[in-house]
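Before any questions on binding or motion, here is one chain by itself as structure tokens, the form predicted on its own.
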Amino acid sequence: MADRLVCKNSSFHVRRGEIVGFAGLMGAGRTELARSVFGRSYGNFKSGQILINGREVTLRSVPQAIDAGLAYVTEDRKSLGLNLLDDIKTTTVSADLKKITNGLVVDKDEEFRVAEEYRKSLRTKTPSVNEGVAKLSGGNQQKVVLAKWMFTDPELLILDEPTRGIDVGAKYEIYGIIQKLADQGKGVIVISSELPELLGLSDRIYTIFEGAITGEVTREDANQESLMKLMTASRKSA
């Protein structure tokens, strides 16, 4: 429901260079919480604060969130993350066109250069960045989505189910990209239904139940049993 309250008296923080996991069962409110932070693109906003580098920011739209240094990789790449009619180079620059425009005209040479640079650095398997994204495998489509948001040079990258529907080899390549982003000083949030994935990637993990954050566990203390307990209990009982 569009008027659903998705975050109930909860707070969380992400440091530079840190990978923070969000764990919860289906319907717990993980995606809704992420989208409420990313320009209030879901749910009914009542009150709250978002601070970036210690300063409060007001993000009422997705463009404002992007300008503030946030990026969000959706869990549904084919419907929400990509336009399947576009080619790779167009998609790569689509979230921040102003970086490659002269006035209102897109610099096609710069568009190609940027897309080719990300193709090489992310090892996207394609004969050319002129190829349509619809022709790519799931893992390579996900790399194009990541490139699109990396091009915005975000301070905080929110990844919602970043390895859903891709093969094992591509998963490990995505894990490497996530770790590299953290090594570059980016803050990274990973939302995942796969607890082993969160346990392997995250420095800390928050658990969510019915729209409320019920726990925070460090890498050293986290295991599947402790996370599942927090994922299925209200804050009061947790």
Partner chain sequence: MNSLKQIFGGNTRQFGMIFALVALVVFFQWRTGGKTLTSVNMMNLFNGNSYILILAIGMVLVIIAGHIDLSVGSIAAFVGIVVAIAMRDWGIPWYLGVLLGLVLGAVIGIWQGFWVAYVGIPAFIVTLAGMLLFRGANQSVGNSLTVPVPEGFRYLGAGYLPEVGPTTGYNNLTLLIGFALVAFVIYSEFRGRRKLERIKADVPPMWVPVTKVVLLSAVILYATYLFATGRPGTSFPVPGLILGVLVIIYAFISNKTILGRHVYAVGGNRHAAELSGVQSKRVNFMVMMNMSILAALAGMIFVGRSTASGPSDGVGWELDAIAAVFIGGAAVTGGVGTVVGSIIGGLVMAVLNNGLQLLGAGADDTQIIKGIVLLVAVAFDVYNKSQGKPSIIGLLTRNFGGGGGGAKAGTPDPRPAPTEQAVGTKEVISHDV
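Residue numbers count along the first chain shown, from 1. Small disclaimer: the values here were computed from a predicted structure and weren't measured.
The next section is about a form of this same protein that is not shown, the form predicted together with its partner chain.
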Please run the contact check for L136 against its partner chain in the model of the complex: heavy atoms, 4.5 angstroms, yes or no?
-> yes
Its partner chain contact in the model of the complex: T126, any heavy atom under 4.5 Å = no
Please check if E210 has a heavy atom lying within 4.5 Å of any heavy atom of its partner chain in the model of the complex.
-> no
Would R204 count as a contact of its partner chain in the model of the complex, using a 4.5 angstroms cut-off between non-hydrogen atoms?
-> no
Would you say all of I66, V93 and W149 touch its partner chain in the model of the complex, counting a heavy atom within 4.5 Å as a touch?
-> yes
Residues within stretch 88-115 having a non-hydrogen atom within 4.5 Å of its partner chain in the model of the complex = T90, V93, S94, A95, L97, K98, T101, L104, V105, V106, K108, D109, E111
